[in-house]
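Have a look below at one chain only, the form predicted on its own, in structure tokens format.
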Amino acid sequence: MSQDLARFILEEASRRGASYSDVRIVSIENEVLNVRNGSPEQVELQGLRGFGVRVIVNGSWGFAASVDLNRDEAVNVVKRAVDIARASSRLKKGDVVLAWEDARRAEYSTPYKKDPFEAPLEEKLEILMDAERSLAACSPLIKTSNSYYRGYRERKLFMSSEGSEISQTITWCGGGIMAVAVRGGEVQVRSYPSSFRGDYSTSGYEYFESLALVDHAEEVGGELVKLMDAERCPSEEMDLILTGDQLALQIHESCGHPTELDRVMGTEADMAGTSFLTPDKLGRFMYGSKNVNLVADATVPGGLGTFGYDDEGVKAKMVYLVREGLFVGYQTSRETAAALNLRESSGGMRADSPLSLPIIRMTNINLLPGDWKAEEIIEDTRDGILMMTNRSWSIDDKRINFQFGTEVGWRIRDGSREGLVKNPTYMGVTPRFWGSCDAVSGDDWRMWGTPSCGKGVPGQVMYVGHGCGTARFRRTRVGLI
């Protein structure tokens, strides 16, 4: 049925004058659980099925979509997409040109051991309730505690007028815990394994089990209470060590978003601005030190930005964004790749639903591992701060000047952790900051997954991954608040 409908849509688009067309028929299952202060706050099993059609007519794009999967609606949707393209062509500055891509017939699925949608709801809630109870029991200072679970599956058929026919299924799962302590006017937060609802992976229910939320709850709650009596973060320049869960967001904001070529070209700027990495810098600009190697890699096992093919039928791949500190690549679509005379797309076009237009999205933006071990970096630091787990961030609309706050820090003196530091913050200028990176670990390198990357107007929320370990940044300004 899906293939027949997709072929009908492509034929209808051609009959109405499209020089190119593609269609995605997508079904999504999304289970979201949240336990808060002892009670289930959110227990939802959401579903969505529909299709989206892109066409090029008179050299311009048109897009339309619907949740009604039948031929009559398909005719209406194609007509709407073609009408939009014709109207857009009256204002075009030039014809859309797509970088070459082979037509592919393929099937792909992310692997898993345990189906998240077959695991009993009662079992998931019991784990969340137990973890949340353990958090709350740590101290009467803990006023709010949360535990989270999410299982997600997307089935997608992509077909194009160039002859591609690709079926793929993406499954991911994960969760986390978080607690807030209050004493007088002071508020502290602690999360596990990362902030903002935890950590996620293109795996099955076994990944949620591996997080062992109940086992970590007491440790998280205990550390949260200790933060109340910790010293404040000093305010001065010193060496900064970031663990992976914070470094992942640093990569996301200061490399992931500014290397999206639609931001550079100004076709996406409404949410969070454009980019300082303009085309004149490609291959010429030192983004960081020689220790900095950043890639967009949609092939990493378990990465939340891992898939088989993007929403233009481009096969998943790894491309360098920064090689030994030099800015060398963008995240692209077929159209933006052609606009820069690049040989091929990086394969980053994705939409968060069948009703959304695909745009350039991060896959897995990873800082490649270095030769250091995480403990060696600490032992090698005479005067600094180790920061872990994001609490806040701010970055300007060119992605240059930034400020981050973390949930917890440790003062490092003469190679040892001296004590907890609360309200840790740091600031920097993107190329200067990455230029100060003199140590990158390999032994604790892992993938971090976030399902909540926002972009576009109307807004879309995409799942992306970041691989990294621990890294050190010399002479960084810390302690701003």
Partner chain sequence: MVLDRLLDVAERAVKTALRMGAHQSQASSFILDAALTRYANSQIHQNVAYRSGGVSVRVVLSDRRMGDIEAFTLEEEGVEKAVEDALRIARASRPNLDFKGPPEPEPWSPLEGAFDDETSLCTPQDRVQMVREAIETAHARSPLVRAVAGNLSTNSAYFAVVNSLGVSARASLTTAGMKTTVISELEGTEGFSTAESYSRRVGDIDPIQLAGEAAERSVKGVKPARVQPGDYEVVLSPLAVRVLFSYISGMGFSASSYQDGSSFVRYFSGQRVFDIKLNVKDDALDPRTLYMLPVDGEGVPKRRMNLIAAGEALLEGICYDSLRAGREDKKSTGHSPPPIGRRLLDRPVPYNVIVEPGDSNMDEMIEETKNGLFITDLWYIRPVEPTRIVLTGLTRDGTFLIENGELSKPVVNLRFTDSMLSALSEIPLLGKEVKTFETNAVPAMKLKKMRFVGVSAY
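Positions refer to the first chain, counted from 1. Everything quoted here is computed from the prediction, not taken from an experiment.
The same protein also has a form predicted in complex with its partner chain, omitted here; what follows describes it.
- Proximity to its partner chain in the predicted bound form, taken as heavy atoms within 4.5 Å, picks out 266 to 274 from the listed stretches 266 to 274, 222 to 230, 163 to 171, 342 to 350.
- Proximity of D239 to its partner chain in the predicted bound form falls outside the 4.5 Å heavy atom cutoff.
- Contact annotation for P140: none of its heavy atoms lies within 4.5 Å of its partner chain in the predicted bound form.
- Among heavy atoms of S289, none comes within 4.5 Å of its partner chain in the predicted bound form.
- Although the partner is absent here, D414 lies well away from its partner chain in the predicted bound form, with no heavy atom inside 4.5 Å.
- Screening S436, S27, N58, S66 for any heavy atom within 4.5 Å of its partner chain in the predicted bound form leaves a single hit, S66.
- Only one of E206, E376, E126, E218 lies close to its partner chain in the predicted bound form, with a heavy atom inside 4.5 Å, and it is E126.
- Proximity to its partner chain in the predicted bound form holds for none of D72, P301 and T389, with the criterion being a heavy atom within 4.5 Å.
- Annotation for 140 to 170: the only interface residue with its partner chain in the predicted bound form is T144 [heavy atom within 4.5 Å].
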